[in-house]
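Given next, in structure tokens, is a single chain: the form predicted on its own.
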Amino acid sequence: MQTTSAGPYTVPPMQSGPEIILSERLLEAMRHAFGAALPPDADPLLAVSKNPEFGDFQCNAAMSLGKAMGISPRAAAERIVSALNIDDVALPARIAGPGFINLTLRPEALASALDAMDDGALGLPPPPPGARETIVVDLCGVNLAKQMHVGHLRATVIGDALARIWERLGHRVIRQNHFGDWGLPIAMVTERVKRLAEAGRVDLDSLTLEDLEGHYRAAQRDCDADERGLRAVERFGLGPKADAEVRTQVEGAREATARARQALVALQAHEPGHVRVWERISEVTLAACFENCRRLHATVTREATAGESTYAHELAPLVEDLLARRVAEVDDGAVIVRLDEFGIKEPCLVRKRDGGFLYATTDMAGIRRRVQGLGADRAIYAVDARQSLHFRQVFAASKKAGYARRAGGSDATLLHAAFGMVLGEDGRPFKTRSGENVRLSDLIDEAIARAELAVAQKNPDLPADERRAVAEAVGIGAIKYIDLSSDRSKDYVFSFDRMLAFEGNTGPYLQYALVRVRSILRKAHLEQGIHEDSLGGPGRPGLLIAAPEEKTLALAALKFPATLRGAGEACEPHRLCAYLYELASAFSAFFAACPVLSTPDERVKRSRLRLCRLTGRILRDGLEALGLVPLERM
């Protein structure tokens, strides 16, 4: 590579991703130097410098290698540097202190890598056909006749973000909303609604989810027999009045349970009257679910929804298959799969002594369908961390049974993307003042209302319709970002004040950073006639990386492809959040120190506009990968 003082650096075409050209190129050179100067297989321990004054990268391996070789660390560092050939990407290496090796990238190398990133899909070429995977993501997970509450927030938001990240990486993604619509509790509410509808006390056409939730709780109460109370009355001889009261309640509950069991049999037999009521309850429940997901900008659709009812006919044959192949065994009347070879002491229970099936049975059928039916190479479950043992058992049992085996013979990757709880500012589970779960729709409403006040204060001249649209994007983005920016495995504290701040590591801060970029590009066009399109394509201006803030921003931009891949592989959206905050902070420092539109040097101006444009593209891409709405104005 070479530079000239007469004009911008001309960048040759690049075949590899930008981060490969830089950090991987340095690592390759370091390994070559180690092979020539030191014992083979030594790890260069190349890391990004924490202090930019010492360079961009630092190698500390000489500190330990020198002692192992019987020479001083500095002497080992000198051997490494003498064999190091990095002139194409970095300035001559410097040795500091007792033997630290500091490396500084050449500005033209940095410009070349940035140019390659800007030229393509932000340094993210699609995976080759043989490496393109099918990723099935389990998300949302609503239950029939129940409102979505704050507990569903994480399953929906995290699952959708993981699906979006894998889609952005070029893979085929299939979402699966596991709908709890089967079993005795479902039959309870179905029987109650059907009975009341036939008595003219319920209008199926006008049924709401709030109505259904009331019927669900009432059905549970109706079937909850006070058996302990009856035993106490009989044991202590509490008299005929107490006996009559408790016995009446118990007999009534037994009758209600019997009716519910009959309703379950009717549903299993597809009896039209019960099925019609059950379908109406499902329709109302899912309509509310899809509306909440739409407001959250999370892609959860009817096509992606698979109810437990769709597995009902598979469960008995599945257990018989496990028994026939001796994967499972009968233990005290129940059917279990032992998992000792997986280091799990607790067996997986797949059929109870009374013949009933469990969540584990359904989930094993789900894994078989997702791997062998949908062709999943990875099945990711965004589910509460409290289900960790359950998924360890189900994953292990499915592998033992061969249900996780792909067409090529290897097992699919099964991953529980476990998440912690949402806490209130008192450090306890986030609930209403009355102690009930916070309804998700109420949470969304309040976030938008608070965001609208904040947007009105920040930009009072914004038209009302636009203010409302911006408030929705900001409020929803704030809810999602405070969730996604936390390590998903940990609990986090929900705070409206903190999440709606326009400063710090928040969704509104990132959205506002993009708004600032878009504002600069609009002004460049309106005031100086520099159209955004002229900053890209074959005739784009050259990049000049000179000021420290330009370099910091450039280095931050180049981390995007590796960060996105890492967030996907680890199923950790907070990595992408942390990166976008770093990028936005670097842009803020760049904007403060490096005049863009007011700089008199035309080459510098257009280079900085390109940096703005690239930053904006990454911010938009990253926000969309998280499921946040990019904005033009706030």
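One rule holds for the numbers: they count along the sequence shown, beginning at 1. Rigid core (definition): largest C-alpha set, two forms, superposition within 1.5 Å. Nothing here was measured: the structure is a model prediction, and the numbers come from that model.
Keep in mind that the form predicted together with the RNA is not shown, yet the notes after this line are about it.
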Using a 4.5 Å heavy atom cut-off, which stretch among 430-438, 277-285, 507-515, 104-112 contacts the RNA in the predicted bound form? 507-515
Contact with the RNA in the predicted bound form for residue 458, defined as at least one heavy atom pair within 4.5 Å: yes or no? yes
Using a 4.5 Å heavy atom cut-off, state whether residue 96 contacts the RNA in the predicted bound form. yes
Contact test in the predicted bound form: residue 559 vs the RNA, heavy atoms, 4.5 Å: no
Within a 4.5 Å heavy atom cut-off, is residue 526 in contact with the RNA in the predicted bound form? no
Just one of 469, 421, 196, 207 has a heavy atom within 4.5 angstroms of the RNA in the predicted bound form, so which one? 421
Of the residues 302, 294, 490, 325, which one places a heavy atom within 4.5 Å of the RNA in the predicted bound form? 490
Scan 306-334 and note down the residues that get a heavy atom within 4.5 Å of the RNA in the predicted bound form; none is a fine answer too. 308, 331, 332, 334
Residue 568 C-alpha moves between this form and the one not shown by 2 Å or more, core aligned: no
Just checking, between this form and the one not shown and with the core aligned, does residue 60 shift 2 Å or more at the CA? yes
Core fit, then residue 438 C-alpha moves 2 Å or more between this form and the one not shown: no
